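In structure tokens, one chain follows: the form predicted on its own.
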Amino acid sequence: MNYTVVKNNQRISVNSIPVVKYEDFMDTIVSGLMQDKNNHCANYFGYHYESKIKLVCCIADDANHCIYILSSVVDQNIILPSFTAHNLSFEKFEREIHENFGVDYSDHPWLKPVRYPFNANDKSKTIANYPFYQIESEELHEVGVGPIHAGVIEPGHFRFICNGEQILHLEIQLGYQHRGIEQLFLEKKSLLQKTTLAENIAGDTVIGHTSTFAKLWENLCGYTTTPELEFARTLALEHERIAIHTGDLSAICTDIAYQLGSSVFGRLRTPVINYFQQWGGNRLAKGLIRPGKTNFPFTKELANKWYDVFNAYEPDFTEMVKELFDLPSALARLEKTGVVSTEVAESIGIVGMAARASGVNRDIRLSHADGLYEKLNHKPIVKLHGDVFSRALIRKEEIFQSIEYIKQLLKDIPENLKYETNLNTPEPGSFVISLTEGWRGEICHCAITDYKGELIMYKIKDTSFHNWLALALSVRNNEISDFPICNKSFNLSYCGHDL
């Protein structure tokens, strides 16, 4: 067999991952595993290995709740046939490998830099000279937006090619704020430093990314997560989902000039976010999640405060979503706008909420569940139309679903248990992949340790890595004035992409 099979958060020996010739590597993945629609690429990356490059591919099998891991060793600056020519979902993974290690591809259709990192293989390529796609025509014009935006958001450039008001093509180029976080995971030696890095991968997904890191690290160290920690992390993850989804509904209303919805949803988000401050002293939940322990145990008093927040939240939220989704002028802007069909969604490998809005049932809480999601009997919410309306409706329904999950959790609050604080040294020669369904969608962290137990590779993949292409495709044939609501309906992360 050309691959090994693991479960989410399972530690294995890195030597147990088969190393095969690139031809077999490609054939196993493209012609074999990826022919099953239940499978998708959770991560595909390279790292330096004995003066060569080791490529590691992780294919998630959503139906059988497992992950297939295999690898291949190739020379640096080699020319290879691409996976992308056969399966478009690999396009950005291979572009990153090309950028970082100089591995070239003979038939990749879009071999451009992804991030322009400080350690790029070819430092002569600069973001100022990014090769944007062009169409020569006297009838068409280009519209450039960013990297500096009118709003207080992070940098990214959007290059539209339009025929009048109609968008024919959008190319999105990020990479303006590469922070070197993956390299810092190798350089920082204390566990607290690593955890703080995880908290700052994406500021709107503190729980999602920090929980993923904590589970990965605990399994690297052979530590079994306690019921109290699983309880707190699951509750916090669903609470974060409610907070961000509420804010996103406000932003969508802002971009269709529906001031009432913008104001009410914005007001409702505030006490939800502030609850994290009551729990752990920080509105964004920094400091709340720690490997092997918690500094802020959940108590019955905190449960009572949560009920106070949501007894006030639910009636107003219920009334406001009814108004929004019954309003003809709002529906006229949301329905059939920014469509990503099921076929396109499957072909480019999008994940999370955006995938489910396009009829693709992809949700880690079901397919690779850990913690308490099996007990909650989670059922993903899936829509079929793939438009802004579907993405907004999923937010509404997931908010109600998350509230019910938390109410179930609060019926049985575990007592505080003893924690393991000596988690500074992972097992040597190990590999772990950790998947979490954040509010935006699938988060993936992978780690490899050397014979001393030191990290030699840490790979992070935010949902946005998959989904920025979906946004670019969604606006085709829409008017350029519809771009803001298309953008907000995805709400992708700049910093989560520019690691």
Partner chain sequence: MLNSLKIVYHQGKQYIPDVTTVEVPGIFRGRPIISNVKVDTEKLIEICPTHAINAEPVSIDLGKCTFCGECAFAFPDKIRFTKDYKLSTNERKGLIVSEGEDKPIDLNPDIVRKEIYRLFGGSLKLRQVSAAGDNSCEWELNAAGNVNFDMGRFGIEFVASPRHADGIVITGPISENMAEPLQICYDATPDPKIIILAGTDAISGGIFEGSSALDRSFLNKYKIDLFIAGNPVHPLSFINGVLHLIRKTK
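Owing to the predicted nature of the structure, the values given are computational and were not obtained by experimental measurement. Residue numbers count along the first chain shown, from 1.
Form predicted together with its partner chain: not shown, discussed below.
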Discussion item. Looking at Lys396, Arg159, Lys286, His378 here, can you tell me which has any non-hydrogen atom within 4.5 angstroms of its partner chain in the predicted bound form?
Written reply: Lys286
Response to the item:
Picking from Asn424, Asn163, Gln408, Gln277, the single residue whose non-hydrogen atoms come within 4.5 angstroms of its partner chain in the predicted bound form is Gln277
Discussion item. For the interface check, one of 332 to 340, 172 to 180, 224 to 232, 80 to 88 should have non-hydrogen atoms within 4.5 Å of its partner chain in the predicted bound form; which one?
Written reply: 172 to 180
Worksheet entry | is_contact(Val6, its partner chain) in the predicted bound form, heavy atom dist at most 4.5 Å | no
Worksheet item: If you check in the predicted bound form, is Gly281 within 4.5 Å of its partner chain, heavy atoms only?
Response: yes
Discussion item. Quick check on Ile244: any heavy atom within 4.5 Å of its partner chain in the predicted bound form?
Written reply: yes
Discussion item. If we define contact as a non-hydrogen atom of the residue within 4.5 angstroms of the partner, is Ile127 a contact of its partner chain in the predicted bound form?
Written reply: yes
Worksheet item: Relative to its partner chain in the predicted bound form, which residues of 124 to 160 have a heavy atom no more than 4.5 Å away?
Response: Ile127, Ala128, Pro147, Ile148, His149, Ala150, Gly151, Val152, Ile153, Glu154, Pro155
